[in-house]
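Have a look below at one chain only, the form predicted alone, in structure tokens format.
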Amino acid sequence: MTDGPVLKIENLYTYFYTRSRQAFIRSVDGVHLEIEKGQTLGIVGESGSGKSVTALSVMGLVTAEPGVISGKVGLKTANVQKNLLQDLSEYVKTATITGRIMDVYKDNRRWQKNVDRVMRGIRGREISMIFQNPKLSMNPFTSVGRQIQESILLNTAVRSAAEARDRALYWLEKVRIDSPRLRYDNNPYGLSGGMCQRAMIAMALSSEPSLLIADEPTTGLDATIQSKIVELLQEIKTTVGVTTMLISHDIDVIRALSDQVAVMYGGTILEHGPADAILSGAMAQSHPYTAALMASIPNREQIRTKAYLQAIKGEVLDTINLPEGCRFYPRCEQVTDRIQEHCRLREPGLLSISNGHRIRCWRYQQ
């Protein structure tokens, strides 16, 4: 047993340089998050909000320049207590103007060597990841069973090939894949999308990780298969109890599986707290962006009457050109005369409005 969160992200910045526009894409821009042992943190937001890049930064899988340039990712398990961005400052120098990073020098080659050293024994063993597209993430020339078996041999104390095969079959049965002994010998292209996703989940769990990152685990699946994958993840949450970071566009998936929720927009966290508080739909206690996301979900009456769906006006924020004030200000419909000047010129901090519930909005700070 350990005290404190299993994962604690502090002040994480991950930028990419676009030569065509000669500017930085601020994909992750000062993110703070933590996940307690046994809990599921759901991260929700539109495409381009920084959800997947946050997960890849934790895994040390961001390779494009400049990549992760600042921050701390603390991992604390029964076996490991480590900062996964250890010694980052030795390889990165930044220049700031009015508190914002405007120029970066990074020794990528030496930094990558450092990442490989720090993540040795972590990636795949202490932290596993379910990727968005399992068929592209698995080796197309090797059977799924052999791939799970290899993961077990690399990341657990099992050293016998026969025992590893038995464990691989156990996990295929655990994820309720149809005919696990038959599927063991199938290559990924021989499986349906739903079966391949189950095989990917089995591989991620086979090393019995302390932290599981699930990046859009239901994307690309039809509605029936999506519901079955959600049921499977609910069962795993109950029986295995693995600490999980869940990333999804689907708020219903987040609602079904999450204990805590973080709402991301423009590379930062706009709201964070208990799932029931954030996803309740109560506009009076929500960030305007969260309220707009919730309002965009069709209800039964809209479906029955074939009414138009409510959309969030405007375009997703271009993280190359961040505004001086609130990032959601250009699209916000809850700005009042009282706070308009603050919204336009100053970015609000994350303010605690109740136990564990924090919101980045001037409506609550004035």
Partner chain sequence: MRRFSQYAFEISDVSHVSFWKKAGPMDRVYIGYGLLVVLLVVISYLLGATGALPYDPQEINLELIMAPPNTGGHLLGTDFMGRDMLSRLIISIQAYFLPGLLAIGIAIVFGTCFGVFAGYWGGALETATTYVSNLLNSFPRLVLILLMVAAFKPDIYYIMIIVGVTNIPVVASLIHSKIQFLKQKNFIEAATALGLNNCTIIFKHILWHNCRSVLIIQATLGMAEAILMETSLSYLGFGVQEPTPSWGNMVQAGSNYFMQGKFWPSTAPALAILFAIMGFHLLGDGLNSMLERKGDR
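Just so we're clear, the structure is a prediction, and the values are computed from it rather than from any experiment. Residue numbers count along the first chain shown, from 1. Definition used throughout: the rigid core is the maximal C-alpha set that superposes within 1.5 Å between two forms.
The form predicted in complex with the partner chain is left out here; the points below concern that form.
Of the candidate stretches 134-142, 156-164, 90-98, 270-278, only 90-98 contains residues with a heavy atom within 4.5 Å of the partner chain in the predicted complex.
Heavy atoms of no residue among Val62, Arg117 and Arg123 are located within 4.5 Å of the partner chain in the predicted complex. Asp318 is the sole member of Glu333, Asp318, Glu341, Glu36 with a non-hydrogen atom within 4.5 Å of the partner chain in the predicted complex. The partner chain is not shown here, but in the predicted complex it comes within 4.5 Å of a heavy atom of Ala23. Of the heavy atoms in Met129, none are within 4.5 Å of the partner chain in the predicted complex. Put simply, Ala78 is far from the partner chain in the predicted complex: not one heavy atom of it is within 4.5 Å. Residue contact check for Leu232: none of its heavy atoms lie within 4.5 Å of the partner chain in the predicted complex. Contacts of stretch 97-115 with the partner chain in the predicted complex, defined by any heavy atom lying within 4.5 Å, are made by Ile97, Arg100, Met102, Asp103, Val104, listed in sequence order. After superposing the rigid core, the C-alpha of Arg21 moves by 2 Å or more between the shown form and the other one. Look at Arg331 and Arg21: in the predicted complex their Cα atoms move 3 Å or more farther apart than in this form.
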